[in-house]
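Taking the form predicted alone, here's one chain by itself in structure tokens.
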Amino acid sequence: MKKMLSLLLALMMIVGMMAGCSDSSTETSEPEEPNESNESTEPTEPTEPSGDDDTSSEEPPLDEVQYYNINLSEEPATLNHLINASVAGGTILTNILEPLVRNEWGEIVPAGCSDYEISEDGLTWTFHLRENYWNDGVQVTAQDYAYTLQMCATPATGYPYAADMYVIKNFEAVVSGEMDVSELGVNVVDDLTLEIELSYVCPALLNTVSFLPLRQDVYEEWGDRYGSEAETMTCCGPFVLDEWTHNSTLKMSKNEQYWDAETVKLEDVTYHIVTEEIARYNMLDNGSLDSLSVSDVDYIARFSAREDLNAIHYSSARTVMMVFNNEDPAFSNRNVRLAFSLAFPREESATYIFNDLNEAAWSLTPPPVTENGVAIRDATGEPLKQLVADNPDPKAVLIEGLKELGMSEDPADFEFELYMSGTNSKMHTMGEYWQQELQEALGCTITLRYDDYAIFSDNCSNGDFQVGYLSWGANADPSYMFNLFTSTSNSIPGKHNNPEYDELAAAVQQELDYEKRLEMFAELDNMLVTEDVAICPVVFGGGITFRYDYVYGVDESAFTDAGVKYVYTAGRES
């Protein structure tokens, strides 16, 4: 086996030291810390904790019947991982499909592959697959992983994270239609060996590129219906999706064909789709849910007083933001966007809307995202704070923007729409609060629009919005968040287009010097948030999860994509 470059080893060791989590299940993973004494990069199995916070070190015997009830706050728009861009969809996919590697308890561990090796020049990664099977008994092969990458590169797919895949040789050229997909740097050596060629050295490859498999025969059989119902897909992860009652429940059972089935203790998992907060809280209260993130102060106090519930505090790697449609006639003007961002009540929102469980955001990247141990947020210096201090009158900035557009310079004549990505009562509360605060600060008229996320996402993708509310989870590689806002990205619908930003975002992925990377990330953040004002950061996610004390094995680590693989119950009262 070929030895890796010593610099590459050092870089990967540092990249592995990341922290954070998202408000649901993230779809990404971080590079492992390699074993320097071994020429082959062989991830090690994680050490599973004995239980959740504040639980006794002496566990009761495992419950004879193993089941778990949890919540999804929205209906997945699709379970086709080629086009999924929602947290809800990713939460299910991480349980029913097996990526090449998983992020578990803070480290990369083998999943679909048993080990991998990197060529001396760092440009060829070879993955050796385990013997794993789809739930219908067909063996998972290297072709299944290769087919995913080929379909992601196919222009007609519209893969939302294409910009993250440009590291793969010829990927960008294939997506743009300049090359055929057969020229993509993905090679099937044999049934259990996959080779990926890169355009440049990328220590964070495992954190950047999606490695979920896809059965070509099943995908072609169902076509556009693939991933729309439980029966339209096969599963090769810890669980099988048995039933999907839309806007109600998704039911999974243990996948006996899974290579690591002996580790999986849960027999049945039910995700309840409950959009209303109070309904969710009542379900936790009466035991219909085993675990739930809680944000209401009254219910936090109520659940904290219960001896059978454990409270787990978390700071998620998620940024809540307002995204501007940079092609909208009004919001194509920087000063109009700037006025909105200057007037936005971040600190007040963190307190009054998010009950001080979240932190006001003055930059793009949430606190857990680091580079060589330095939080990207700290490296940026949060220049948006200084911009707000330098512009104490947002209304004057709005007037200047309206003047530049040739519109009435009276803010009272200016009206725009704030589009909220949900229809529940919490979403209405947030929208109405921001409507009131911004109208008072800017002197304009704001109308509110609400849609379920799937409809919201489609409309925004089609440019049918002015300012949209959404949140986005980061992964351990800082480049990921910045790639979302390149002109070639289909992820964030703001139509941000700055050639200098694109060039810098591409350059930082190839830069191996950490100090230079930090400087480049700071420049990217400054360009996005203060110079271009492409987005208005709101808060960084966080909260409290309450979980019954009979639940064990939940991975609370940063950027986890373990799903519920290791969860089990012990001591549940029948």
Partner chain sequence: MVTYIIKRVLYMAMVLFIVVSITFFMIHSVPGDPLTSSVMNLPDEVRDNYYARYGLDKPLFEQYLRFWKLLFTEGSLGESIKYPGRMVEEFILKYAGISARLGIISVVLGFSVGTVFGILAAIFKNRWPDYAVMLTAIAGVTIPVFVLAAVFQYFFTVKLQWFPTTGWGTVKHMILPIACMCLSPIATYARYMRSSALDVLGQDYILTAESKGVSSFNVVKRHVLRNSILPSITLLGPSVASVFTGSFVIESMFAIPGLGTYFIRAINERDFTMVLGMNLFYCLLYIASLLLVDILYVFIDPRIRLATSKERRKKAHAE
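Note that this is a predicted model, so its numbers are computed, not measured. Numbering follows the first chain given and starts at 1.
Separately, the form predicted together with the partner chain exists; it is not shown, and the next lines address it.
Partner contacts here mean any heavy atom within 4.5 Å of the partner chain in the model of the complex, and among 398-406, 375-383, 79-87, 338-346 they occur only in 79-87. Remark: none of the three candidate residues (424, 431 and 543) comes within 4.5 Å of the partner chain in the model of the complex, counting heavy atoms only. Using a 4.5 angstroms limit between non-hydrogen atoms, residue 282 touches the partner chain in the model of the complex. Heavy atoms of residue 117 never reach within 4.5 Å of the partner chain in the model of the complex, leaving it off the interface.
Contact between residue 131 and the partner chain in the model of the complex is not found at the 4.5 Å heavy atom cutoff. The partner chain in the model of the complex comes within 4.5 Å of no heavy atom belonging to residue 463.
This chain lacks the partner; the member of 145, 239, 482, 159 within 4.5 angstroms of the partner chain in the model of the complex by a non-hydrogen atom is 159. 457 is the sole member of 457, 370, 150, 310 with a non-hydrogen atom within 4.5 Å of the partner chain in the model of the complex. Applying a 4.5 Å heavy atom cutoff to the partner chain in the model of the complex picks out 490, 491 from 482-502, in order along the sequence.
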